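Starting off, we have a lone chain in the form predicted alone, written out as structure tokens.
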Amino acid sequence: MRTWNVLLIFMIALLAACGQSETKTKDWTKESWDEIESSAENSEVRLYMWGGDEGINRYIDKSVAPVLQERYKMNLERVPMDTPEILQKLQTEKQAGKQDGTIDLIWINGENFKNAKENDLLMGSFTETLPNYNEYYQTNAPAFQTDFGTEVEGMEAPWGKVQFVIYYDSEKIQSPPQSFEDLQTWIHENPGKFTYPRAEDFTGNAFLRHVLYAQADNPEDIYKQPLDEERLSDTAGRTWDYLNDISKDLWRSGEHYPNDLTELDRLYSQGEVWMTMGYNESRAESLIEEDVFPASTRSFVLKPGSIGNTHFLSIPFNSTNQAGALAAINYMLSPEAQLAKYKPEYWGENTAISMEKLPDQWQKKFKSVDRGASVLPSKKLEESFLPEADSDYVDWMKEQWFNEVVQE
């Protein structure tokens, strides 16, 4: 009798293991959405993402996670980690042949997506499986087809979009510059009141790429072309001339550049400089609310335009809960979740959803949101939007800026 009991326990354990193995190895993009949702119930999804913004963290913990718990009895665990470290972790697991991964869902874009795709660290194409993506998003939009020049091929789902703006104190600056030529003049007329972060910083690099776009005959010559230093030489020369010309009238006479955006924000909040900048066109609102930025903070964009990009959600190659990850992404792309993210209470960033595809009641809800006085009108942002260039430009700018500007 004892032998039969042992055999019975062994068989149950074996069947359970087989069931788990099937769950891990099954191609969930071939299954019905009902089956995906059923498998997602009572599961845990581990979301690895950059954790440096408290508003974003609160949005996940206080808005997204409770709905997933109510809808699926799903536990969404947010794990803060810088994206390059996430990819290193996945690379280590892949090299070790670890199929039972520790990450189910990642927030990713740009160079990190390119590295993840090239090293086969992602699950593969999945966006056609998501009901909300196919119903509410312009799936053939160029912003969803490439990510910093890398073909997306359905391997990441658009979670939101941001656009680069420059912030200024409207009590100190009555009329902000309209172009990079105007900015050059303004810097010379107001020495010490402007600077930008180093090229190693994400925001500083973006500012420098804006200068590069402005010095080209047409911005399309940059963002529609792969990096070719020989072809770029004339535009690059004008870029270094511009940056070297303004350097002597920057904060600290250009002898020190802020190491990152946090340092630049601090200089702005203390009144040492009169402008700061950033990729999220609405990020100043929470800083104004917290009395970090002055209430007189407003924003502007410079001709020829403002670089914007889409950021995405993706699933690692060895996620042990791909069905749960798909269900979580689908909710995070829903009108309900996107509206909560659009409001300034938590995050306040722009949505990647297509307004024209929303029912009237949802369009009205989005239009009724007051994003704050520091946020430019959506029409102005749309009119000034410029796509990101190939991610190779980022590393090129880091190296060239140091050689051509810092060492000059």
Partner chain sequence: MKNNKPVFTAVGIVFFIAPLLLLLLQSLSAPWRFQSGYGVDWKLESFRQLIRDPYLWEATWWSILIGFLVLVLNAVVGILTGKALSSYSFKGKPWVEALLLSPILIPVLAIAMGLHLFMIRLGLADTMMGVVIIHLVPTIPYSIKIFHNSYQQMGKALMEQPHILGAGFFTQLFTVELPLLRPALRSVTFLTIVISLSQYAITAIIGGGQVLTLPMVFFPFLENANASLMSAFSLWFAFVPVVMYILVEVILLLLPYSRVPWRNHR
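What you are looking at is a predicted structure, and each value in this text was computed from that prediction instead of being measured. Residue numbers count along the first chain shown, from 1.
Form predicted in complex with its partner chain: not shown, discussed below.
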Q. Candidate spot Asn190, Arg198 and Asn403, all three in 4.5 Å heavy atom range of its partner chain in the predicted bound form?
A. no
Might Gly124 be said to contact its partner chain in the predicted bound form, defining contact as any heavy atom within 4.5 Å?
no
Point to revise | is_contact(Lys98, its partner chain) in the predicted bound form, heavy atom dist at most 4.5 Å | key: yes
request  = With heavy atoms only and a cut-off of 4.5 Å, decide whether Ser63 touches its partner chain in the predicted bound form.
outcome  = no
**Prompt:** Should Phe293 be counted as a contact of its partner chain in the predicted bound form, where contact means heavy atoms within 4.5 Å?
**Reply:** yes
Checking Asn140, Ser233, Ser175, Gln270 against its partner chain in the predicted bound form, the residue with a non-hydrogen atom inside 4.5 angstroms turns out to be Gln270
None of Ser39, Thr351, Asn57, Thr29 but one has a heavy atom within 4.5 Å of its partner chain in the predicted bound form; the exception is Asn57
Answer among 29 to 37, 43 to 51, 365 to 373, 342 to 350 for heavy atoms within 4.5 Å of its partner chain in the predicted bound form: the stretch 43 to 51
In sequence order, the residues of 77 to 93 that place a heavy atom within 4.5 Å of its partner chain in the predicted bound form are Glu77, Arg78, Val79, Pro80, Met81, Asp82, Glu85, Gln88, Lys89, Gln91, Thr92, Glu93
